[in-house]
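First, one chain by itself in structure tokens, the form predicted alone.
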Amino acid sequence: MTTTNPYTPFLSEIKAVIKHTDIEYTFRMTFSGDAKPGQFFEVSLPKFGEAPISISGIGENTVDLTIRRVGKVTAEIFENYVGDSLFLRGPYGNGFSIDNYIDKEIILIAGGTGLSPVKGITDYFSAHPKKTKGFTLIAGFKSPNDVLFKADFEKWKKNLNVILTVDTPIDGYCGKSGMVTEYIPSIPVKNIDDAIGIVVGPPMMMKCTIDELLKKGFKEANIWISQERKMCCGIGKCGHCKIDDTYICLDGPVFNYTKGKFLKD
């Protein structure tokens, strides 16, 4: 009986490279199969290792992986260009199920690179605005120079309520500034009992944002988070991402807040 080794990656060609900042690029990779926003791939290079990268876009026979240059593996990935190939394993995790949010009022709040795993949700409702009763994206970045997906923001603004804010404005910047939490109270919600909140970002940002949503009247069961944590194998074998009895790479990284609120390191 022949079995497939779950650690064996497949070769994926780089179809496009999109620069966002000096240290953050999106690599558009060939992939044929099912994938959801919030899932992740293990991206690997022989002799250098592998790194878990969230899906930031889903196309026809492609997936987008937005990568920050932060270590040995990601630095080497940045040495590859269109036509080159990377090794992938996945997708892993449960992801965000779009069906949970159709015909709902949605407030999606993302901080920094936390926008990557929820970009697919924003893309979907931007393309299908009639499938939501109201969609607000609040995205925060450290500075205007750190903003990701600038071209997508212009597209999203056509069909969605988009609030882009930065912590530290620079000379010549004319947009909004301040923490993402400052903008939550003013967002109109017609039916708070049925409204959906989606929150992804740094831990403290997520905590403060969820506090604001609860204060506004959101039900815990209607709040969804991505509880990203150091993941290595992606299949629940190594234990690096285990919190109590939960394996983030298998049971998450997307959780309903009723479960996710108990997942603390």
Partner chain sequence: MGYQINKTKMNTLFTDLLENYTIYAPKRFVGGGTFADTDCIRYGEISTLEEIEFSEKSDYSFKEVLLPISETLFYFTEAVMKESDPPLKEAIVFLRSCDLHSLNRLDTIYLKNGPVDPYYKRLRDHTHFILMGCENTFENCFCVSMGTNQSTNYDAYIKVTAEEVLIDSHWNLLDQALANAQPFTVVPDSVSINNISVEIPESIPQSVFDSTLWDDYTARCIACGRCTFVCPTCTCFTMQDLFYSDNGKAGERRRVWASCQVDGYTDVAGGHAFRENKGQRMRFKVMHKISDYKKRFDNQMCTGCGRCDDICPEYISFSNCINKVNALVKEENR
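Predicted model, so just to flag it, every value in this text is computed and none were measured. Residue numbers count along the first chain shown, from 1.
The same protein also has a form predicted in complex with its partner chain, omitted here; what follows describes it.
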Inset, instruction - Report yes if any heavy atom of Lys104 sits within 4.5 Å of a heavy atom of its partner chain in the predicted bound form; otherwise report no. - result: no
Inset, instruction - Decide whether Phe87 counts as a contact residue for its partner chain in the predicted bound form under a heavy atom distance cut-off of 4.5 Å. - result: yes
Inset, instruction - Indicate whether its partner chain has at least one heavy atom within 4.5 Å of a heavy atom of Gly57 in the predicted bound form. - result: no
Legend entry - Non-hydrogen atom contact Lys155 with its partner chain in the predicted bound form at 4.5 angstroms: no
Legend entry - Within 4.5 Å of its partner chain in the predicted bound form, all of Ala16, Glu24 and Tyr183 (non-hydrogen atom): no
Inset, instruction - Choose from 207 to 215, 31 to 39, 46 to 54, 59 to 67 the stretch whose residues reach within 4.5 Å of its partner chain in the predicted bound form, heavy atoms counted. - result: 46 to 54
Inset, instruction - Could you tell me which one of Lys176, His128, Lys72, Lys150 places a heavy atom within 4.5 Å of its partner chain in the predicted bound form? - result: Lys72
Legend entry - Heavy atom contacts to its partner chain in the predicted bound form at 4.5 Å, residues of 227 to 241 in sequence order: Glu228, Arg229, Lys230, Cys232, Cys233, Ile235, Gly236, Lys237, Cys238, Gly239, His240
